[in-house]
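Coming up is one lone chain in structure tokens, specifically the form predicted on its own.
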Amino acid sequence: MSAPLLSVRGLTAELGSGAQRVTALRAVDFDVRRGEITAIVGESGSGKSTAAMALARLNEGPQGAFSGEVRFDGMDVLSLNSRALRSLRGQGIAMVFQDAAAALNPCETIGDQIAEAMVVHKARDWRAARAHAIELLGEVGMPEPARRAGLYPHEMSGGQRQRAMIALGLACDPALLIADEPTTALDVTVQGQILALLKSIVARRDMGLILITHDLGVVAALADQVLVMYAGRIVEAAPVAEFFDAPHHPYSGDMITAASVALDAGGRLATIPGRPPHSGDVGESCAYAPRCARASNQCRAALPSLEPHGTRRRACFHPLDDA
């Protein structure tokens, strides 16, 4: 097996200040390899986007504190100075944000925004950068790329804006692309096109992709491995096929059930009972215990560690495969 492109060990993040300071990530461990798609799943507030942004220290801020180890292509990301960190962002790790309409500059044409990234990060000549921007728009399947390079974001459809965001992410040839809910608010047909595009880009460029999503259908269609997050921790990590065939963590099982059962016995949309905890309310016990049908006094008194089990890892005292 090839060496990881990205290796994360014990990543912990404290964000905010004063009474608002919380531990948003707790001892997160995972690897990503070239040509591999890793999905990070969980409910809103589980820490998915926080973990993804922490990989390039995008959410560090003046009061943020990261500990642990993030190694990207041999570099110790947490020790990089501001100049090296600026180089890493874009050239090494690029991000495709959830809301393309908000992420793109409404006052610049799409072509100019993509070209600008190449000029800033790769010191390209403007004319060459602008020509390459059109090539990138063609690579991501934008119809009439030369014409649409001259359009502003509001002149494009939602699917076209998302393609433009992906082209912007690829502008500096990153080795790792992070896509945060890239198909949100798109219709089903366009969602399928964007997912197929991402999969083809990973294979063609031999890069790594981290996909942040709450949609298990997207995970099943696209990912190689899945990381399940809850309350800032990874509670299960598994190859995708094995995950859907037999989830180990009760939270994983509850998510799959809720996603596959349209209505419950009362005719309502199926959900997981209870609510996820706030980051500041997580103690040294299993955070899922208040919502878990399998919880015991042990779960309420101690924190299960993330332990290997065959081809996967899980953090649970009473995993589903023990039933």
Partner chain sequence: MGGEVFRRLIFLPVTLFFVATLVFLALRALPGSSIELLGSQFTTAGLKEQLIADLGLDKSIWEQYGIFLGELVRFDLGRSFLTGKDVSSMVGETLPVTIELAVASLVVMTIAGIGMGLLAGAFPGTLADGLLRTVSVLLFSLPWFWFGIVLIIVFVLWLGWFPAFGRLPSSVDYEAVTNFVLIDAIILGRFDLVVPWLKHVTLPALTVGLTTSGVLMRLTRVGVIETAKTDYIRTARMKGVPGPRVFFRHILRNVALGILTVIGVQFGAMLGGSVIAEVVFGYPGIGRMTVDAVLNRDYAVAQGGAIVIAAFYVLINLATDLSYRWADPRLRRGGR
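Bear in mind the structure is a predicted one, so any value in this text is a computation, not a measurement. Positions refer to the first chain, counted from 1.
There is another form of the same protein, the form predicted in complex with the partner chain; it is not shown, and what comes next is about it.
Using a 4.5 Å cutoff between non-hydrogen atoms, R89 counts as a contact of the partner chain in the predicted bound form. Of the heavy atoms in E108, some are within 4.5 Å of the partner chain in the predicted bound form. Interface membership of M53, defined by any non-hydrogen atom within 4.5 Å of the partner chain in the predicted bound form, is confirmed. Under a 4.5 angstroms non-hydrogen atom cutoff, the partner chain in the predicted bound form has E155 among its neighbouring residues.
For the residues V190, L78, L151, V240, the 4.5 Å heavy atom test against the partner chain in the predicted bound form is passed only by L151. Checked against the partner chain in the predicted bound form, the candidates L195, A117, L209, I212 yield a single residue with a heavy atom inside 4.5 Å, and that residue is A117.
You can rule out all but one of 94-102, 132-140, 69-77, 197-205: in the predicted bound form, only 94-102 has residues with a heavy atom within 4.5 Å of the partner chain. Here the marked residues L227, H248 and L303 all miss the partner chain in the predicted bound form; none has a heavy atom within 4.5 angstroms. Contacts of stretch 156-189 with the partner chain in the predicted bound form, defined by any heavy atom lying within 4.5 Å, are made by M165, L168, listed in sequence order.
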